[in-house]
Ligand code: AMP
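Presented as structure tokens, the chain that follows is alone, the form predicted alone.
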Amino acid sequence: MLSLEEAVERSLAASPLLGSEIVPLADAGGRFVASPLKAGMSLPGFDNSAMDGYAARSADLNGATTESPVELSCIGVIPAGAYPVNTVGEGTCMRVFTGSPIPRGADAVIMQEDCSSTPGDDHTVRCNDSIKPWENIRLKGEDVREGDPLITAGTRITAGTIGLLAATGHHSVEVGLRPKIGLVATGSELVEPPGELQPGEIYESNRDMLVSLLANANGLPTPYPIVPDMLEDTVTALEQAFADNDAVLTSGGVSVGDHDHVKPAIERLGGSLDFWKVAVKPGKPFVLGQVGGKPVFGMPGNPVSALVTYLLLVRPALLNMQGAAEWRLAKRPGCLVDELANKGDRRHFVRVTIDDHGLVRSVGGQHSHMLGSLAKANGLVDLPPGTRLAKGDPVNVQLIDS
């Protein structure tokens, strides 16, 4: 069996980088930057006031107190968006607001709460506090300087990234293409919900689950009709899926039974197979193949196995196809509420919940068919073979919806 690390490396190598496209900033959230961007201007672009008040010379207000205020002559008002033409000289000030440019001669802003005036006399301002040089002023370039790198290739774009890019004059960004993914579920026992079940039949659930997971990875999924356990039907379904998509995910039919046809179907289409046993639990049977230069990921039919192998082996490849610099699941540190043990010879990815306090609990039954416990889980704990973790032990939880 392959180690998980080797399987991931092969999965990444089999997933070629797709092209890129330019999209408006408003549509770029969650996408991966294809080429680095620099600031075309500084932030702030000019010295401006951090609050409402009066732009003044700090030297004029030395020693000002409530008991001994200093009077200044207000020579103008500078609304945000206006450019000041007057110069603040000795004994003068100008009314400013948050974001107002700082006039020449001023080196600080005194808050309006520390000032007062006589009703009917807006030109005389009594200042009840002293100010330090550059107090309450946002200096040009103190946040970002023109030419500074803003975002590097492979970085995931967040709402904060979009705000930064827009503030420095960008209106679009080059991002990696979203991969088109074909979803093929195989199994003669499967029925489309809400159809009537006959004895021995079950509802197919993996495709809808994978559509949800793919949305978190920018995938563009296309679910295809359920494929019965017939080689010719499997070949036909896969051929169509490869024609329409950049990669194909199959569910079921990857073991060694008489009715498991995914591997021979790939070979019939002239494709190649890389591996199909990985040293993890759940999800040991797994197919990595290629058809016409496009990857196919053959996942087990059991829903828990399908989810875990998707997160561990498929998701990294799909992010890699978009040029992502980081493809690992996000982690949160936590503390075990109950003991966890792995007596087997494969790494066990135990389904757990982690709450807002960092307390980690097993969701219960860990068998690969148990959807009830899977629905409760929001994370996985990687438990090496022959390991026992006690109550209170620290663990890292890999987040399922990261």
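None of the values given here were measured: they were computed from a predicted structure. Numbering starts at 1 and follows the sequence shown.
The protein also exists as the form predicted in complex with adenosine monophosphate (AMP); that form is not presented, and the subsequent description refers to it.
Visitor: Would you mind picking the one in Gly323, Pro84, Pro282, Pro303 that has a heavy atom within 4.5 Å of adenosine monophosphate (AMP) in the predicted bound form?
Guide: Here the answer is residue option Pro303.
Visitor: With adenosine monophosphate (AMP) left out of view, which of Thr161, Asn218, Thr234, Asn206 would have a heavy atom within 4.5 Å of it in the predicted bound form?
Guide: Selected residue: Asn206.
Visitor: Go through 91-99, 324-332, 245-253, 76-84 and give me the stretch that gets within 4.5 Å of adenosine monophosphate (AMP) in the predicted bound form, heavy atoms only.
Guide: Answer to the contact question: 245-253.
Visitor: Give a yes or no for Glu189: in the predicted bound form, does one of its heavy atoms lie within 4.5 Å of a heavy atom belonging to adenosine monophosphate (AMP)?
Guide: Yes, Glu189 lies within 4.5 Å of adenosine monophosphate (AMP) in the predicted bound form.
Visitor: May I ask you to state whether Leu197 is within 4.5 Å of adenosine monophosphate (AMP) in the predicted bound form, using heavy atom distances?
Guide: Contact check for Leu197: no, nothing within 4.5 Å of adenosine monophosphate (AMP) in the predicted bound form.
Visitor: For Ile202, is any heavy atom within 4.5 Å of adenosine monophosphate (AMP) in the predicted bound form, or not?
Guide: Contact with adenosine monophosphate (AMP), yes.
Visitor: Does Ala185 reach adenosine monophosphate (AMP) in the predicted bound form, with heavy atoms at most 4.5 Å apart?
Guide: Yes, Ala185 is a contact residue.
Visitor: If we check adenosine monophosphate (AMP) in the predicted bound form, which of the residues in 370-394 reach within 4.5 angstroms of it by a non-hydrogen atom?
Guide: Not one residue comes within 4.5 Å of the partner.
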